[in-house]
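One chain follows as structure tokens, the form predicted on its own.
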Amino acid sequence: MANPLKGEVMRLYKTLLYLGREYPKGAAYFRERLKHAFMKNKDETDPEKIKQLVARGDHVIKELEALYFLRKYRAMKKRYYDPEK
């Protein structure tokens, strides 16, 4: 892996690992899938391809954040709004 992009990849992995703690199927399931995805691309050396993979990972982060926000919103809505309306 190229040295300048190593920090980006590490940041992405740590962020995804942190976000995976609240994953609906469990943290262990998420961690296993995350490790598999990163190990599959560990031998990639093309900087452009690595940048594409990091961009894809950033998109996954946004999707996870949206999933968690929606889950919290639904819980608050269920708690505070009358279900009959």
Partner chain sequence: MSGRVLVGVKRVIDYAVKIRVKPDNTGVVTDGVKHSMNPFCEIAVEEAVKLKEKKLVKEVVAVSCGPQQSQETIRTALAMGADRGIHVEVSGNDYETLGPLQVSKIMAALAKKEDAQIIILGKQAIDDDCNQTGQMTAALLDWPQGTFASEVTLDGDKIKVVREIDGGLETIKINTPAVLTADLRLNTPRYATLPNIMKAKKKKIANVKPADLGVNLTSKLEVLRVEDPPQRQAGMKVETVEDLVGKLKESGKV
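Model, not experiment: these values are computed from the prediction. Positions refer to the first chain, counted from 1.
Although it is not shown, the form predicted together with its partner chain is what the next lines describe.
No member of the trio V9, F38 and N41 reaches its partner chain in the predicted bound form with any non-hydrogen atom inside 4.5 Å. Within this chain, R71 lines the site of its partner chain in the predicted bound form, having a heavy atom no more than 4.5 Å away.
Not displayed here, its partner chain is kept clear of E63 by more than 4.5 Å at the level of heavy atoms in the predicted bound form.
In the predicted bound form, no heavy atom of K25 sits within 4.5 Å of its partner chain. With contact defined as any non-hydrogen atom lying within 4.5 angstroms of its partner chain in the predicted bound form, the contacting residues in 9-39 are K14, T15, Y18, L19, E22, given in sequence order.
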